[in-house]
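There is one chain below, alone, in structure tokens, taken in the form predicted on its own.
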């Protein structure tokens, strides 16, 4: 049972809708939110009545990435990689066997962008902003994005997102294949929900088999583990700690 108020889950007519509900922090993900997301994906995978999952964000932004304060605390605790809830979440995304649909408005930062590479349909606002500023935080890509993003949009554009910290708007995301459609912000969730409902009415096992054929789960998991080891090392580095402190000083309490 989900006990995290920052992740709201509704299930009806074969559709599980997962809403990131921390709008005051632009839906930045915390440890408890990751735990709730993993629990929801595991429930959806094993419950035959759930055929499709819709990911959405409350407020003006989809997801501002990882909560930096959580990251800094994890680094100080020197946890083992396997205990990081963010990596439990990305592994759950990689092996999830039912259709995932995303509705994106506003900012999608870091994992807010990389998780979309595991979604099967993505609907975005014209003015959405996608960024993966891992290097700016002295970190490296995660969620198998070092494999999936270059494969989707090409090496040079992916490297510019990772290393230069460039951003894409909704139109650019559509043009390079990150999204199915770019829409006015108020049309994004209705369009994504309508697509999810169409999928929910289709033969479920055929959909799952089609998704499985289109995704190399073993390779993604191998890349996730490689990224995770490097990420954990970077997280403990003095340069990452300096960047976290600088970030939190600029942001304030």
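Everything numeric in this text was worked out from a predicted model, so none of it was measured. Residue numbers count along the first chain shown, from 1.
Another form exists, predicted in complex with coenzyme A (COA); not displayed. Remarks below refer to it.
Legend entry - 172, 158, 93, 137 - the one with a heavy atom within 4.5 Å of coenzyme A (COA) in the predicted bound form: Filtering the options by heavy-atom distance leaves 137.
Inset, instruction - Quick one: from 200, 220, 36, 64, grab the residue that has a heavy atom within 4.5 Å of coenzyme A (COA) in the predicted bound form. - result: The residue from 200, 220, 36, 64 that makes the contact is 64.
Inset, instruction - Sort through 145-153, 173-181, 103-111, 120-128 and report the only stretch with a non-hydrogen atom within 4.5 Å of coenzyme A (COA) in the predicted bound form. - result: Contact-bearing stretch, as computed: 103-111.
Legend entry - Contact flag, residue 188 vs coenzyme A (COA) in the predicted bound form, heavy atom cut 4.5 Å: Contact check for residue 188: no, nothing within 4.5 Å of coenzyme A (COA) in the predicted bound form.
Inset, instruction - Please run the contact check for residue 239 against coenzyme A (COA) in the predicted bound form: heavy atoms, 4.5 angstroms, yes or no? - result: No, residue 239 stays farther than 4.5 Å from coenzyme A (COA) in the predicted bound form.
Inset, instruction - Using a 4.5 Å heavy atom cut-off, state whether residue 40 contacts coenzyme A (COA) in the predicted bound form. - result: No, residue 40 is distant from the partner.
Inset, instruction - Indicate whether residue 224 is a 4.5 Å heavy atom neighbour of coenzyme A (COA) in the predicted bound form. - result: No.
Inset, instruction - Go through 10-30 residue by residue and record those having a heavy atom within 4.5 Å of coenzyme A (COA) in the predicted bound form; state none if no residue qualifies. - result: The stretch 10-30, when checked against coenzyme A (COA) in the predicted bound form, contributes 24, 25, 26, 28 at the 4.5 Å heavy-atom cut-off.
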